[in-house]
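Just the one chain here, the form predicted alone, laid out as structure tokens.
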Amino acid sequence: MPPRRAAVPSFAKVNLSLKVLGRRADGYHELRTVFQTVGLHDRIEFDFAPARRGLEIELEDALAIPDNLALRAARLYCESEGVRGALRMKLRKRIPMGAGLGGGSSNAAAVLLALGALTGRRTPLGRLRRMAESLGSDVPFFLYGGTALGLGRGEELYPLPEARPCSMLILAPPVHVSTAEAYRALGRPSLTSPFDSRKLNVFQSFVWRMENLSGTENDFEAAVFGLHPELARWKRKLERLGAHAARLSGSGAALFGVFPDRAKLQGALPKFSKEPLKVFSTTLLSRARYRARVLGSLREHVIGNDWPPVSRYERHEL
């Protein structure tokens, strides 16, 4: 039986808005955020040869990422679903690491979505989601894509009406912002009940009028900009060059600017050529487009357009 091969995109995300309400009893922080997938993506190449016994999993990763989430996701899926065979994966990274763009979480979700199609397992979305939650707070979002409200640690998700497919610049500086350091600088107290009504009102107002992305906020900005003032300068530069929304994504250090049209973005792009930054030109990616891109990459291995992808291989073939 020939190996089953596919090259699956693994898309980045930004946080269009992010409010941190306080520290919970379990040590995590209570969040209110709007996740949004964007066109910037990594690629994971899969080669799976089914077998009747044994399991081998290998990941080729030029960056040698420690405790790689893609490899952890593959092991979890194969062990949970009883997969037997040889799985070879190659991760081609383009999403900057540790930038608040969700690259590792996206890689994990892409593996979970692809392996069902390649191994003949028709794993329900609920079971995939439980696997995703065990891998990290942001991983479940990438099982869905598009625009979504995230509550709790970000793992409680609700679909939102799609934002317009706006043009976007993403700036990735050579700065590493530790998430733990960002939370310490933020200095949120333990949660009390009810939640901070002012923060919730501001967040709810943004969600209601999100059609033009006005009112985006990120609670981490003041704290992170205090640690890294150059980030504030680049954010102001995005705004001066015509971005009608410019924000830190997650706890940073990546920044994004949403532009009203492609022409404005093209005018801004060369202005960053001499800055010590990686600059990516991309767009907001709708849920439908996100799923179409993933399904398209698995087309020879799936039936129809159901989500999650439905494998054309019967389990008894393995």
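So that there is no doubt, residue numbering starts at 1 and follows the sequence shown. These numbers were taken from a predicted model, which means no experiment stands behind them.
The same protein has a further form, the form predicted in complex with cytidine-5'-monophosphate, not shown here; the description that follows concerns it.
Asker: Tell me whether 136, 180 and 183, taken together, all sit within 4.5 Å of cytidine-5'-monophosphate in the predicted complex, counting heavy atoms only.
Answerer: Every residue of the spot touches cytidine-5'-monophosphate in the predicted complex.
Asker: Looking at heavy atoms inside 4.5 Å, which stretch does cytidine-5'-monophosphate contact in the predicted complex, given the options 222-230, 90-98, 115-123, 172-180?
Answerer: Stretch 172-180 is the one.
Asker: So which of 31, 59, 265, 38 reaches within 4.5 angstroms of cytidine-5'-monophosphate in the predicted complex, heavy atom to heavy atom?
Answerer: Among 31, 59, 265, 38, a heavy atom within 4.5 Å of cytidine-5'-monophosphate in the predicted complex occurs only for 31.
Asker: Sort through 84, 75, 153, 127 and report the residue having a heavy atom within 4.5 Å of cytidine-5'-monophosphate in the predicted complex.
Answerer: It is 153 that has a heavy atom within 4.5 Å of the partner.
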